[in-house]
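Let's start with one chain on its own, the form predicted on its own, as structure tokens.
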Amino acid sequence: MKAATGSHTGTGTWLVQRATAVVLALALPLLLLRFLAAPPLDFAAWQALLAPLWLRLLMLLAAGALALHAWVGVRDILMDYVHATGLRLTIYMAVIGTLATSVAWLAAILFGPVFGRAA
């Protein structure tokens, strides 16, 4: 019988880690170049920087990939080092909640009414 909390996820975990790493390797240099090309010094500059839809989508994609990459890494560490199932599941929920809330908060900032208004 396969354990519900075991670490034998194998190929799926490997694929998720590699796919998210590729997304991050492509997106982060582009975002860094964009920020370095015109460093935002005030709120209006931040609005202008984040105005293009492609940039907001790229940031959200990178944040989602980072959250998924972090989740897989933290989950594997917890499976290896936290042996009490209740404690491990509690930490899982805390990590999932933190990562999901962070991505949702970024989406609200990028696509919310603050950046939707004309400057």
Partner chain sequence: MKPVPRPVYLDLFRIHLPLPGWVSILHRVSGALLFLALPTGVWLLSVSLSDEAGYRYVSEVFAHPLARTATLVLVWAASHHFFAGLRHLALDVHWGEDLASARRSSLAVMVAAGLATGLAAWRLFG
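In this text the structure is predicted, and so the values were computed from the model without any measurement. Numbering follows the first chain given and starts at 1.
FYI, the form predicted in complex with its partner chain isn't displayed, but the following is about it.
Participant: How about residue 41 - does it come within 4.5 Å of its partner chain in the model of the complex, if we only consider non-hydrogen atoms?
Facilitator: Heavy-atom contact with its partner chain at 4.5 Å: present for residue 41.
Participant: Evaluate residue 50 for contact with its partner chain in the model of the complex, applying a 4.5 angstroms cut-off between non-hydrogen atoms, and reply yes or no.
Facilitator: Yes, residue 50 sits close enough to its partner chain in the model of the complex that at least one of its heavy atoms falls within 4.5 Å.
Participant: At the 4.5 Å heavy atom threshold, is residue 65 in contact with its partner chain in the model of the complex?
Facilitator: No.
Participant: Is the gap between residue 84 and its partner chain in the model of the complex 4.5 Å or less for some heavy atom pair?
Facilitator: Output for residue 84 is no: heavy atoms all beyond 4.5 Å of its partner chain.
Participant: Going through 71-106, which residues have a heavy atom within 4.5 Å of its partner chain in the model of the complex? Please give them in sequence order.
Facilitator: Counting only heavy atoms within 4.5 Å of its partner chain in the model of the complex, the contacting residues of 71-106 are 74, 76, 77, 80, 81, 95, 98, 99, 102, 105, 106.
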